[in-house]
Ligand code: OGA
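Only one chain is shown below, in structure tokens, and it's the form predicted alone.
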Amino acid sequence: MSTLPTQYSSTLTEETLDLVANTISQQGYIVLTDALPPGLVSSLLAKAVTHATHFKPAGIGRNQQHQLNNTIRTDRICWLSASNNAESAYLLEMEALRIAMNKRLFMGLFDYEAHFAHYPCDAFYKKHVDAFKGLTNRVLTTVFYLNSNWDKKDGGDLVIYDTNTGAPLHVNPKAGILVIFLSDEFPHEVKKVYKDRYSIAGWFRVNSSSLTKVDPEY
């Protein structure tokens, strides 16, 4: 397995990975603060801000069902690439998480895809789920926040709806917070933002290939 670039030092310790596995197995989601090195967070934010003009409007659905619908979501995205040092470091952290969840929870996670998300002022993403049972290979969702100095008045909370308790969980999108949850279990939304908001959304996927289809598709 590759190691992180020397300027970054991982904070996903074995103890933290144990906590993630135990909490996911018990309640299906976890919110970690200061999940990754501050230097990596800053580098990722700088990358996102610098290239924000090249981001594309985000759509809903996949493959033939993909479409733009600004009544549901108005963020803009750019897929991560391992060719950039900071993005590569982030993907390596997620690879460590993938291996850990497979080892501890036997989830069969095959790969990971992720994109930057930019929510300009007034942007939002209505309530939705990332996967429908039996209809997708997305199993585990991650959301990582990049903005420092984020206040409640800035909006943009991630709201996760716990279908077991019925209670919504509000996550203030502050830099360094990593949210992980089961993709097909938790409806969620992003409330309207009142200043530029940057994050990385990602999904761990399983391989459900058969003789008639290749899955995941690339």
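On a predicted model such as this, the values are computed, not experimentally measured, just so you know. All residue numbers are counted from 1 along the displayed sequence.
Not on display, but discussed next: the form predicted together with the ligand.
Peer 1: Taking the shortest heavy atom distance, is V190 within 4.5 Å of the ligand in the model of the complex?
Peer 2: Yes, V190 sits close enough to the ligand in the model of the complex that at least one of its heavy atoms falls within 4.5 Å.
Peer 1: Considering non-hydrogen atoms and a 4.5 Å limit, does the ligand approach R205 in the model of the complex?
Peer 2: The answer is no: R205 has no heavy atom within 4.5 Å of the ligand.
Peer 1: Can you check whether L32 is within 4.5 Å of the ligand in the model of the complex, heavy atom basis?
Peer 2: Contact with the ligand, no.
Peer 1: Classify Y90 as contacting or not contacting the ligand in the model of the complex by the rule of any non-hydrogen atom within 4.5 angstroms, answering yes or no.
Peer 2: Result no; Y90 lies far from the ligand in the model of the complex.
Peer 1: Which of these residues, L182, L158, A175, L45, gets a heavy atom within 4.5 Å of the ligand in the model of the complex?
Peer 2: Filtering the options by heavy-atom distance leaves L158.
Peer 1: Which pick from M94, V143, M101, L80 sits with a heavy atom within 4.5 Å of the ligand in the model of the complex?
Peer 2: Among M94, V143, M101, L80, a heavy atom within 4.5 Å of the ligand in the model of the complex occurs only for V143.
Peer 1: Which residues within 103-123 place at least one heavy atom within 4.5 Å of the ligand in the model of the complex?
Peer 2: The stretch touches the partner through H115, Y119.
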